[in-house]
Structures are given as structure tokens and as C-alpha cells.
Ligand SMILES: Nc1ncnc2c1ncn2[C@@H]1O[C@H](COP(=O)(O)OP(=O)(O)O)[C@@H](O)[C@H]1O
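Single chain ahead, written as C-alpha cells, the form predicted alone.
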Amino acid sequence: MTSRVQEFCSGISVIKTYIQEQEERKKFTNDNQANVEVNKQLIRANSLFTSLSQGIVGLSYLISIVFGSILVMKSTISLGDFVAFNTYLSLLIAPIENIGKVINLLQQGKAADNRIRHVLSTEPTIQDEEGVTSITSIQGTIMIRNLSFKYQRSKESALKNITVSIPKGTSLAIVGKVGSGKSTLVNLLLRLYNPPKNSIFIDDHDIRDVPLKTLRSSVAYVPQDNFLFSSSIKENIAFDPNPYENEQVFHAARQAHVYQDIMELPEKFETELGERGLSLSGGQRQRVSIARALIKPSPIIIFDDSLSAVDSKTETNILNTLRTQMKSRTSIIISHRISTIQEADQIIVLDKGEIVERGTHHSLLKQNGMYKKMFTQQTTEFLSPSLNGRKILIKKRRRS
């Protein structure tokens, strides 16, 4: 029931937009009713236990008094024995009742303990393997050789025979349709999933032989969903084990072109964000995420469609800054916008998990393939249907 309420609160804007309040109330009512039924069972069990225990106590007293009185009248036992027996019986009743209550609490505690132990004993699927090398730093050279990958419950391979070399300090851009395997490739580089052995190499080391701590501390990552925590903007930008000075945070915000937006907020960098950073706009969240990646002194930086929510002017300003930053870093950029990736040292085009084209921006345009088609779709000028009897020329720029 708590999980249901949390989901409602997180998605309240979507619920209101689609007028689903009544349906969601029904779901909550069903969960609440299930909770009520379970509590009823608990109350019945407790009531039955209490009633039986008290009934047994009363019955034992009744038997003791009736049978003991008969024995006293027959002079089988003395009156003193009879009184002593009932005194001992009354002294034993309370401990026996408490034993039952303790057993009841132990049963509830055992159930809770099993749930907690199940969580704590769960082994992470991705962890350092035996024989991992003692690598403490990464230079940034990436080599991918014949990489094929398939998710556990999927019949089709997400990636097929991917081979690409990214020398230190160069940039790779990845474009393709939705579901072509772009984010999967990045997830494997971060080892959010384990790639096959001898398929991805970092500085000539198999990525599975590199300690996870070393690998992930050497990669700055800007994800698609731009997750922000319910803390201050400053803490979100400086989200790293290494401490950062205020000026470093301000500098990163300037590089991501979000500094002025932050300074317009009431508490500036100390402004507390709501859940998942929803108090900021989509473009602001993206730029805060970019600032979080830029402040991290890592040799590898990855942008996963991280400029989709900003306008063209802001995008141009950010790209100019990033080009300076990326000169000293190995960079991987995933984007649907050709304008974002056309300055990359090499570009690969993915389709159904395979590399169908590769080259630079200008060489790919000469190939007249998928890349040129995407470029044309995003930059072609066309005549719109008439509006009030007039033809309007619109420059079309959209995601492929």
C-alpha cells in the first residue's frame, strides 16, 4: 500500500493529465482492502489466542477448586495442601501466558527477519570477479572487438559484432533509431551489464578484469533520465566521493550554461530540489546533470542523449564548451540530433544492433545512407499546408 501511494505521488502530474484519478483511487482501494483483510486475520488470530489462553486459565482454576474441595472433604489432602496448590497454580499462570506472548512476537519477528535477510543476502549480479587486476587508474583508450550481447529474456541480440576503436582523447558519436542498441553499448561500457569476455578493452585490459571502483570512478556519465536527488543543487552537482570547492561547482555550472538559471532561484545553489528534481524544467535538469559530469575529473565522459531538452541556442553554447572539455577526454556522445555530433572524430550509425555506417560527418553525407537521410530530415526546408490561404516556409528540425 505504501508503494502504491509513493507511485501515485511520483506520477501525480501524469495521473491528472490523463484524468485517471478515479481509476487510481480504485487501485488504492483494492490495496487498502487487501491490507484490511490481512489485519483482520491477524486480529482474529490474536483474539483466538487470548480467548483460549484465558479460557484454559479459568478452566484450570475451576477444576482445581472443585476437585481440590472434594479431596479436602474426603480428608485425602489437608486444607493447607489445597491452599498451597492453588497458590502455586496462580504463580505459574502469568509466566505461561507470557511464554505464549513471547512466542507470538517471535513469529512476527521471524517473518520480518526473513524479509530483511533476503534483501541483505542478495548478491549483486555485477561485481568484481576472481583474479581482477589491481588497476588504480585509467588513461581512456577503449577498444571494442566483435561485441555481441543479448539480454537474458530476449530472443534477439541487442548488439551484433560491434567493433570500434576509440583512442585516448578522441570522440565517438553514436546515432541510430530508437531501440538500435545505443544505450545498451553505453551500459556495457559502464558494466551495468557484464559484456562477454574479451569483447571490450580499456587500456588493453579486458573490462571485466578492471575493478568496478576504478572503472566507474574514471567515467563521467550523463544519463537519459537526468536523475536528480532531493537535495540542494550544489550537492547534486558535487555528487562525487571527492570533495569540491564552491568555485569548482560554480565553474561546472557555467560550463553547462545553467549558472544564470540557478542564480535566479531564491536560494541559488542552496535551493532544495523536489523528488527527482521536478522543481526544475527538463532543460535545467539536463544541464545540472551535465555540470555533475563536467566537474568530475575523469578520463572518459559519456553523454547519452543529454541535450534533447534544450533549445538550439543553448545547445550550441554547451557544445562549444564541451569541445574544449573533450579535447583531453575520451568522449562518447549518443544523440538523435545531427547538430550535436557532427564535430565528433568518428561517427557510427547503429541499426538493429549492428554498425551499418561509420566515418566522419562529411564522409557519411557522401555515402547517401541512413546518416544522410537523418540529416536531411532534420534540416530540410519544406512548404507547409496553406494557413488562411497563405503558404508558410518552415525550417523543420525534429528527432528522427
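Treat the numbers as computed from the prediction; the structure is a model and nothing was measured. Sequential numbering from 1, following the sequence displayed.
Just so it is clear, the following notes concern the form predicted together with the named molecule, a form of the same protein that is not shown.
Open item on the list: Would all three of Val178, Ser183 and Tyr193 be in contact with the named molecule in the model of the complex, where contact means some heavy atom lies within 4.5 Å?
Closed with: Answer is yes for this spot.
Task: Contact residue in the model of the complex, chosen from Met143, Ala158, Val132, Leu89 - any heavy atom within 4.5 Å of the named molecule - done: For this set of options, the contacting one is Ala158.
TODO: Find out whether any non-hydrogen atom of Phe229 is located within 4.5 angstroms of the named molecule in the model of the complex, and reply yes or no.
DONE: No, Phe229 is distant from the partner.
- [ ] Using a 4.5 Å heavy atom cut-off, state whether Tyr151 contacts the named molecule in the model of the complex.
- [x] Yes, Tyr151 sits close enough to the named molecule in the model of the complex that at least one of its heavy atoms falls within 4.5 Å.
Task: Region of this chain that lies against the named molecule in the model of the complex, out of 100-108, 204-212, 170-178, 132-140 [heavy atom, 4.5 Å] - done: Result for this chain: 170-178.
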